[in-house]
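One chain follows as structure tokens, the form predicted on its own.
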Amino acid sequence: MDSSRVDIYSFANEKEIARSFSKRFQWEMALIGLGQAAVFLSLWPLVILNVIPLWIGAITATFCALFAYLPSHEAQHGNYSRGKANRRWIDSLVSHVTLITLMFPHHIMRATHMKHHAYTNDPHKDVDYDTASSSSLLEVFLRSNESTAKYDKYLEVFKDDSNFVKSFEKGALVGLAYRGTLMTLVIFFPLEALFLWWLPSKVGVMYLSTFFSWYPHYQMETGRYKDTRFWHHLLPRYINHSMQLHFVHHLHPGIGHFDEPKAIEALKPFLIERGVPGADQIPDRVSYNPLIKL
């Protein structure tokens, strides 16, 4: 490799390009997050008062659950506040509210997700490793619905990280509040609690485990340019939140979700040069249909 080639594909150049796509306020994600939560919460009085039947409420709640995590994911990386202290409340607000549908505590999700980025595919420290290492979709489904012990064990793994422990303990209190709320609803509205919250949240978790944890990291190695891959799918990318593009998020988390396609187009030569798995299959223009594998 000659010196000019090294200079063209330097990490500094790669980072500069990525930074140009890491400035915009992610209003789409904020709207989706707060919007789905508003719809989810409105289903309760609508169903209880017989304005809409329970089955319509259940289907709607399930769709809400499918859209509930990604807005929080943006918040966990500070992609609403963009480093501005006076806007961090937006990250917190969006994440806390949108996760209600999944009964996920924001502080635990953020703490464990940061460790996932730091130790991607590490069998001992990556919170998503059990799912990512699954050998089949059935195994993914089974592992995705394990108890919260999946997260609790990482409290022991990172017990020397005081910030992790504090965040986890805060999240544990929110988790208890969710459980208490659900149990109370089971007493007074058992069918609604089952079909509007518990089952949709389980479907949402399976969806996330499949497209966020398994597909992007399946059979991948450790290392910055080796732990996440580009992949094709039988469905349009909007069906799975464009997780075919998730690899660029691991490289540059500041790039907002809706800016990833253009960022990948600009970074494609760097990704190929770095040997990112599947990078040579990335279309020159990332639009709706080129990510479908026929």
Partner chain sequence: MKTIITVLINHIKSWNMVWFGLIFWGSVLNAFAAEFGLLANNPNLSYFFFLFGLILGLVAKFRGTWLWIPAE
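Positions refer to the first chain, counted from 1. None of these values were measured; they are calculated from a predicted model.
Same protein, other form: the form predicted in complex with its partner chain, not shown, and the subject of what follows.
Under a 4.5 angstroms non-hydrogen atom cutoff, its partner chain in the predicted complex lacks Leu93 among its neighbouring residues. Interface residue remark: Arg224 is not counted as part of the site for its partner chain in the predicted complex, having no heavy atom within 4.5 Å.
With a 4.5 Å cutoff on heavy atoms, Pro190 counts as touching its partner chain in the predicted complex. Not displayed here, its partner chain is kept clear of Leu137 by more than 4.5 Å at the level of heavy atoms in the predicted complex. Heavy atoms of every residue among Arg179, Val186 and Trp198 are located within 4.5 Å of its partner chain in the predicted complex. Proximity to its partner chain in the predicted complex, defined as a heavy atom within 4.5 Å, holds among Lys153, Arg87, His124, Lys159 only for Lys153. Leu142 is the sole member of Val203, Val165, Met220, Leu142 with a non-hydrogen atom lying within 4.5 angstroms of its partner chain in the predicted complex. For its partner chain in the predicted complex, the listed stretch (211-219, 73-81, 104-112, 171-179) containing residues with heavy atoms inside 4.5 Å is 171-179.
Counting a residue when any of its non-hydrogen atoms is within 4.5 Å of its partner chain in the predicted complex, there are no hits in 99-135.
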